[in-house]
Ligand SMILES: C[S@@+](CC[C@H](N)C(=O)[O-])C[C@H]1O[C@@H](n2cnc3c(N)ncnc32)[C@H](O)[C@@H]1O
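The chain below stands alone and is given in structure tokens; this is the form predicted on its own.
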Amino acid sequence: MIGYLAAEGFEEELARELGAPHERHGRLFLAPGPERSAAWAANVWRTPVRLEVRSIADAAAQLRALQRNWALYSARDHRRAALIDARLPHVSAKPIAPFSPLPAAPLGSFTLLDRDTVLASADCASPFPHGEVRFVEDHEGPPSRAYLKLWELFTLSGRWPAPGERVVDLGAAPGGWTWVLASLGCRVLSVDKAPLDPRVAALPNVEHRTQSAFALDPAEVGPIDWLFSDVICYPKRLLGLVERWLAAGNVRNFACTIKFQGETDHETATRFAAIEGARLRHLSHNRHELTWTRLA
């Protein structure tokens, strides 16, 4: 059995992704193993076990016997769960700086299934409580909060563009992603029909083209190290754009936001996930959207 904790607000998306059979406890879904790719899961509980407990103290003791650090996901009996959590070592969840190394200490997750049963997994996919990454935010430089999605992607993957690399940012305005990429020392081609924030447009390593992202010709752009897209469009249209750039063969790395307008387009998300070398995930800074990457 494997546990999948849904990104908050997207429980139904995860339920559909996992299919039947599964057991649900709030945002936590239990499904038969082995572990599978689940884009709408904020965290995966890889080794869940059921602990029969006699008391709050006994629950805490059994958890400490498994390992030191735990994050409580409270789905029921909240007061009792909080009292168990209070007897465990404190886990710091302070905001981190972008591009920081991921926490090295193992972090397990637990919940109460009922007053006398704890479900606990000492091994979880994310080193952050419930998969939620919090940063020391920059309230001065970026023109929008979209920059947090790139910070999270780069921090989790341990991959980001190097100084001097040539990158394209589609759907760039007002310039949150372009700001991140320029701050890394990249040569940024920013594309949007709308203008960039003047502070971002003035950066010396930024070239802005006022045109549609869909009108940009990959052959005319030439070889690039990264293609980024935060374009607001229907997923099928974004898929066509990505397929055009893939066919051109001049992009080493892709990072795109698939934005769902209205109902979640599961069919197109599945087609994105099926592209060779791709990964699809819901970042903690995503809304009703998924982040698709294909990294060399």
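The first residue of the sequence shown is number 1, and the count goes up from there. These numbers come from a predicted model, not from an experiment.
This protein has a second form, the form predicted together with the ligand, left out of what is shown; the following refers to that one.
Stretch-level contact check against the ligand in the predicted bound form with heavy atoms at 4.5 Å: of 174 to 182, 154 to 162, 106 to 114, 89 to 97, the positive one is 174 to 182. The closest heavy atom approach of Arg27 to the ligand in the predicted bound form falls outside 4.5 Å. Among heavy atoms of Arg46, none comes within 4.5 Å of the ligand in the predicted bound form. Interface membership of Leu83, defined by any non-hydrogen atom within 4.5 Å of the ligand in the predicted bound form, is ruled out. Within this chain, Ala194 lines the site of the ligand in the predicted bound form, having a heavy atom no more than 4.5 Å away. Interface residue among Ala125, Ala122, Val206, Ala213 relative to the ligand in the predicted bound form, by the heavy atom within 4.5 Å criterion: Ala213.
Highlighted residues Glu13, Lys236 and Thr264: none comes within 4.5 Å of the ligand in the predicted bound form, counting any heavy atom.
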